Ligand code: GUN
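This document opens with one chain alone, in structure tokens, the form predicted alone.
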Amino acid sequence: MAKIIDGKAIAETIKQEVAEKTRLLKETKGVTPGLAFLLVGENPASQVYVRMKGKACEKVGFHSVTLEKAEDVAQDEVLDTISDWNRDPAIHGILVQLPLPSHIDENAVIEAIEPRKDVDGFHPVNMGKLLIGVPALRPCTPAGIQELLIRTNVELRGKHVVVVGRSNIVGKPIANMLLQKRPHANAIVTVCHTGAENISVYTRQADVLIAAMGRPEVITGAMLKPGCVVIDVGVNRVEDPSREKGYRLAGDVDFASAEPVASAITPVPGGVGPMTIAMLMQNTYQAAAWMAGNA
């Protein structure tokens, strides 16, 4: 059976490391990393995510601010808030919780954030730096995936990584991160997606498979190369009347059939999910350290 990659435990270790670095930053530079959250509307999932991120800030010793705006808030008001935070020296990271209401231009909001404070790593400047291999704030979920692979001692150099999914949030960034000619990368990367006539042609070639397509349990054990490493990014709600909430969480990979085939696999939940918040904390610390003059 596959080794279970415990993202929750690894994320806790990273947050402990961030807490220690934050303590030293406060002592040596007098700087407390500050993270500002903007939540528009009353999306229950977004509210939960922001609360979780706020608790993580408290745990690592950050200063955090959460501002909630009504669903019908004008786009200009959102942009004005971001502009205020861009100028605030106590705020080192800005996170606008996505998705936004349809009347707000998501790209305009992302581009309004000062790139040095873009702790989500979505600003075109940071995406461009990622592409050419220049140090920058990286998207949190892809950064978390790479960190899972590093801390599980998965060798990537020369290995075939297959990424299923091409989103700007996960698929494209992780593909670019892992093909860079540097340690913990230097892989041969294939990006495929649900437009493929037969996606298993690609998945069966993967030494490392990263599933980020947003469709529950599409990839089965029969579609995997024996001994591969499986990183399941998907978090999908599947109806399940036997559960108290009426649903269960499932990944993009059918865990039951994949586990006997893979050498290592992330569970859902408890795999990639906790790493996203851990890397948000790391990004915020990094932004504060850069602004304080620390390398």
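In case it trips you up, residue 1 is the first one in the sequence shown, and so on. Worth saying up front: this structure is predicted, and the values here are computed from it rather than measured.
Just so it is clear, the following notes concern the form predicted together with guanine (GUN), a form of the same protein that is not shown.
The listed set 127, 177, 96, 187 contains one residue whose heavy atoms approach guanine (GUN) in the predicted complex to within 4.5 Å, identified as 96. Proximity to guanine (GUN) in the predicted complex, defined as a heavy atom within 4.5 Å, singles out one entry of 148, 104, 191, 169, which is 169. In the predicted complex, guanine (GUN) lies farther than 4.5 Å from every heavy atom of residue 202. Judged by heavy atoms within 4.5 Å of guanine (GUN) in the predicted complex, the contact stretch among the candidates 221-229, 77-85, 116-124, 156-164 is 116-124. Taking a 4.5 Å heavy atom cutoff to guanine (GUN) in the predicted complex, the one contacting residue in 30-54 is 53.
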